[in-house]
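The form predicted on its own is given below as one chain in structure tokens.
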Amino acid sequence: MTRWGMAIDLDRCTGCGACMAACHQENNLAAVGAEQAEKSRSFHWLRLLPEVSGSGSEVKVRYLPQPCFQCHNPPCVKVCPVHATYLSEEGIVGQIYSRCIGCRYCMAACPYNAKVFNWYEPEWPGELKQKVNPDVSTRPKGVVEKCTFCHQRILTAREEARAAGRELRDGDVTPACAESCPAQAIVFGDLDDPASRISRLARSPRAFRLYEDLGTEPKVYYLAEKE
């Protein structure tokens, strides 16, 4: 069984934001606008967190792309009273929007702040309606949303592999964020495949995971900057 994971090389990331833009386009995320932003209602499935160190001419900025960490032991799943959030057999934490009642317990339980609440009815005015991805649903007001590792792309790649009479190969699935990254800082694949690139990176001496001591067992690995 596949266990999907991601590695992000912090030595390569330039903070350009292409991954965030691609995530919005691929997953039908509407812009919140100035009014909602003033209320701190951001709406990103993938965030780009800056970290500033030093001062003056020695100041240094690095960026930490943060999607959903698809925890193997997800606290969000345990607290949902209607089972709207769940852990799939392939290790992806999914969200059933038709079940979600908007209680936001899952958001409170997530230590990575990886989920967002849809505060308003999204709109795509004018020609933007023609750019909505037909492979991804649009979500109504009042539900919790999150990154799914572009699950629709996983399903498409699996169908194409089945039609070709073969198994999925390493590199068959590329989420929108990884595809758009000009520095190729994001790698995606099967963690249980010892020959896959993501599996090798997860075993790298540079690899680390956020808040490992919490026991959530995230499937997103970061590669520390080279000295």
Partner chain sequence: MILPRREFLRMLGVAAGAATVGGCGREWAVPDRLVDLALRGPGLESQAQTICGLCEGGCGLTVRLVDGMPVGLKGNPHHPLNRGGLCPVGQAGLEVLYAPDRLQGPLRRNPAGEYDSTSWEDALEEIASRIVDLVTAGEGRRVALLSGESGQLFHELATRFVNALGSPNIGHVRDAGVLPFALTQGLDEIPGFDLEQADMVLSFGLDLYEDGPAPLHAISAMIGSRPLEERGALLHVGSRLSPSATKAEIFVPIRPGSHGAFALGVAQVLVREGNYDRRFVAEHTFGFDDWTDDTGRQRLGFRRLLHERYYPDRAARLCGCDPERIVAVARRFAQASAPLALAGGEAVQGSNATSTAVAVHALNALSGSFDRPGGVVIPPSIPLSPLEQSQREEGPSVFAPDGASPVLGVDPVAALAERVLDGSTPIEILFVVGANPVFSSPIGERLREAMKRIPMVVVLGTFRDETAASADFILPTHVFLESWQGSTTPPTVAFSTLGLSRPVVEPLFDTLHPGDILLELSRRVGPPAEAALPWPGYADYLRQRLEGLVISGQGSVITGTFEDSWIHFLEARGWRFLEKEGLEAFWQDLLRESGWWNPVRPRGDWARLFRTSSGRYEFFSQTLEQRLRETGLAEGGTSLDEQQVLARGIAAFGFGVEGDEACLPHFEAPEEAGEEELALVPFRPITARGQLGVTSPMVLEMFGYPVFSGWQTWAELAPETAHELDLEWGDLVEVESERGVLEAVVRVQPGATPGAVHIPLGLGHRESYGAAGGIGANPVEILRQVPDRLAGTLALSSTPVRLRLIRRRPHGGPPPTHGGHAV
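All of these numbers come straight from a predicted model, not from anything done at the bench. Numbering follows the first chain given and starts at 1.
The form predicted in complex with the partner chain is left out here; the points below concern that form.
Engineer: Only one of 95-103, 130-138, 74-82, 143-151 gets a heavy atom within 4.5 Å of the partner chain in the predicted bound form; which is it?
Structural biologist: Result of the contact check: 130-138.
Engineer: Is there a heavy atom of residue 195 lying 4.5 Å or less from a heavy atom of the partner chain in the predicted bound form?
Structural biologist: No, residue 195 stays farther than 4.5 Å from the partner chain in the predicted bound form.
Engineer: Flag residue 88 as yes or no: does it have a non-hydrogen atom within 4.5 angstroms of any non-hydrogen atom of the partner chain in the predicted bound form?
Structural biologist: Contact with the partner chain, no.
Engineer: Would you classify residue 169 as touching the partner chain in the predicted bound form, given a 4.5 Å non-hydrogen atom cut-off?
Structural biologist: Because no heavy atom of residue 169 falls inside 4.5 Å of the partner chain in the predicted bound form, the answer is no.
Engineer: Find out whether any non-hydrogen atom of residue 12 is located within 4.5 angstroms of the partner chain in the predicted bound form, and reply yes or no.
Structural biologist: So residue 12 counts as contacting the partner chain.
Engineer: Run the contact test on 31, 52 and 58 with a 4.5 Å heavy atom cut-off to the partner chain in the predicted bound form and return yes or no.
Structural biologist: All three within 4.5 Å in the predicted bound form.
Engineer: Pick out the residues of 189-216 whose heavy atoms come within 4.5 Å of the partner chain in the predicted bound form.
Structural biologist: Contacting residues: 201, 206, 210, 211.
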